[in-house]
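Shown here is one chain on its own, the form predicted on its own, set out as structure tokens.
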């Protein structure tokens, strides 16, 4: 048997989100409290399972006195800005999201004080060579282990740690797993967070990044040519090869999302081919629990607004906002759109003052978040603005869920 010691964060820590699972050899099962902070009633969950391929036993341990993990799903194609979006989201909750210390340097996981970000590429069933041999892409459901994805997300949501696989993007191989402890807030991002109904039902909130083909090509060209040395021809061939599977398995997920961010070519520059100026549209589903859509000036009205002038500097081609009610896959939605880009982020306060339901803690917080990450891609246009707003909205949603669950009685201890 194995002795488990629950090592909690120090009393000086501002967060109690991640609990350390200390494992030592013994002949008994024992759980010891490692901090005065835990001198109250607790219920522990242990998950014993023999390791695969000769690895040691894996264990999960959690405490139901803590709020359960809230799960957020983010879906998008490869190269569409998921990583930048995750950095904006986790920043709202405090602390920089970083890879696990002392673990696999090629880990895709990001940890901050209160959040964990899991890349769903880690649930690939086949490595890179295996996909080539089978003639499938990573977008094909047959190349992904949805059973394991479901079981592990479900476990983390219930407060149980898991040993998650690692897909190594450098070698294309499946590396040994890493221990993931249940955080306060779990983000799962990748190609398929809403594909499997079982996983979809575990999500407390869902987001889809919908990048138009024209913008996607421009973005992938910038990333793969400048950063990875690929040719334009190879990028175009890669996009075309993935498109049938993308259309079949990834794109349909947007119908389930609570928020969709559409990134489109600008309408302010006729015949624009550079794609440096973007039109970004945030589609917000009505009736989502703990989520009140953002609106411009007057809720439910149709509003077109050009804010350029004495209070907002705008060089060519300017900035135009639009807000109004709409329908999206038969759902009632509110849509907020921004076309153009900011010249000065410090003037964004003027725009913020005309947006309502931002879920900020104080006046100017959205502008402050934008300025904090002014060097991130999209910070001068609607992608950065709307991603920041969604981060603020998710924080409010999380706080509402925690408040609701805080009155739930402790359950009896369970052994799986």
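Residue numbers count along the first chain shown, from 1. All figures in this text were calculated on a predicted structure; none of them were measured in a lab. Definition used throughout: the rigid core is the maximal C-alpha set that superposes within 1.5 Å between two forms.
There is another form of the same protein, the form predicted in complex with another copy of the chain; it is not shown, and what comes next is about it.
The partner is not drawn, yet in the predicted bound form one stretch among 196-204, 117-125, 68-76, 292-300 has residues with heavy atoms inside 4.5 Å of another copy of the chain: 292-300. Contact between residue 271 and another copy of the chain in the predicted bound form is not found at the 4.5 Å heavy atom cutoff. Of the heavy atoms in residue 332, some are within 4.5 Å of another copy of the chain in the predicted bound form. Looking at residue 286, you'd find a heavy atom of it within 4.5 angstroms of another copy of the chain in the predicted bound form. Not displayed here, another copy of the chain is approached by residue 311 to within 4.5 Å at the level of heavy atoms in the predicted bound form. When you look in the predicted bound form, the only residue of 325, 100, 244, 130 with a non-hydrogen atom within 4.5 Å of another copy of the chain is 325. Only one of the listed residues (148, 173, 306, 248) places a non-hydrogen atom within 4.5 angstroms of another copy of the chain in the predicted bound form, and that residue is 306.
The partner is not shown here, but in the predicted bound form the stretch 344-359 reaches within 4.5 angstroms of another copy of the chain through a heavy atom at 350, 354. Once both forms are fitted on their core, a CA shift of 2 Å or more is seen for residue 347 between the shown form and the other one.
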